[in-house]
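Next up: just one chain, as structure tokens, the form predicted alone.
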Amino acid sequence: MHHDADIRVAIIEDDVTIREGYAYLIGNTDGYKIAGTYASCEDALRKIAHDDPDVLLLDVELPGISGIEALPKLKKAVPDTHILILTVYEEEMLIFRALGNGAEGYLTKNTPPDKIVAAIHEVMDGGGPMSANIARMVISSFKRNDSSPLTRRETEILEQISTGKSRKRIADELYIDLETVKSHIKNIYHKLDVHSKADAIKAARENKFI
């Protein structure tokens, strides 16, 4: 692969072992290059515009400002960078807040390394990668509120993802192409954001905040 075409990846992760592990894994994969690694969002915000990554892997639980709080600041510092959340946390509220704040994908840290690399590629392609457990949570959230904004096809795709099927396999089984699966997932994220905003407004009303 032509060297200049490498995908530049940055990582914000306070656990040094995990951070170096990801950096090693990604940096040693053909077509990928580590643009920078940071132990905190504060550290990242000082350097990230200069490092100019294509994709940022962002941990949620960080010392100082959390990944979710930092998202709008990071988006402002590097507006063209795709942000993927990579975390052990699977609370629904966090996921929706992260997506509402501009994250484009949500993976849990037990995601196999090759899937993380694939997710980086996918988000560069305009997709919205998500882990199976995240997909399950999204489904249950929409079911509870029985006002699901998802189309039948989107629901079908979410259900397939939540059983751990790969996007390729989903595409094959539904007789659609991979790009279509990716754009459905992107749409689901878009609707999730709407959903999180609707939830926030509803909660505010119920608590008489507004």
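Computed from a prediction, not measured in an experiment: that's the story for all the values here. Quick note: we count residues from 1 along the sequence shown, nothing fancier. Only the largest set of C-alpha atoms that superpose within 1.5 Å between the two forms is called the rigid core.
There is also a form predicted in complex with the DNA; it is not shown, and the following applies to it.
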query: Contact of E154 with the DNA in the predicted bound form (heavy atom, 4.5 Å); finding: yes
query: Partner contact for K143 in the predicted bound form: the DNA, 4.5 angstroms, heavy atom; finding: no
query: The DNA contact in the predicted bound form: Y22, any heavy atom under 4.5 Å; finding: no
query: Distance check, E179 to the DNA in the predicted bound form, heavy atom within 4.5 Å; finding: yes
query: Listed range touching the DNA, judged in the predicted bound form by heavy atoms within 4.5 Å, from 56-64, 167-175, 38-46, 23-31; finding: 167-175
query: I157: Cα shift of 2 Å or greater between this form and the one not shown (core-aligned); finding: yes
query: CA of E61, rigid core aligned, shift of 2 Å or more between this form and the one not shown; finding: no
query: Displaced residue check between this form and the one not shown: I11, CA, 2 Å or over, core reference; finding: no
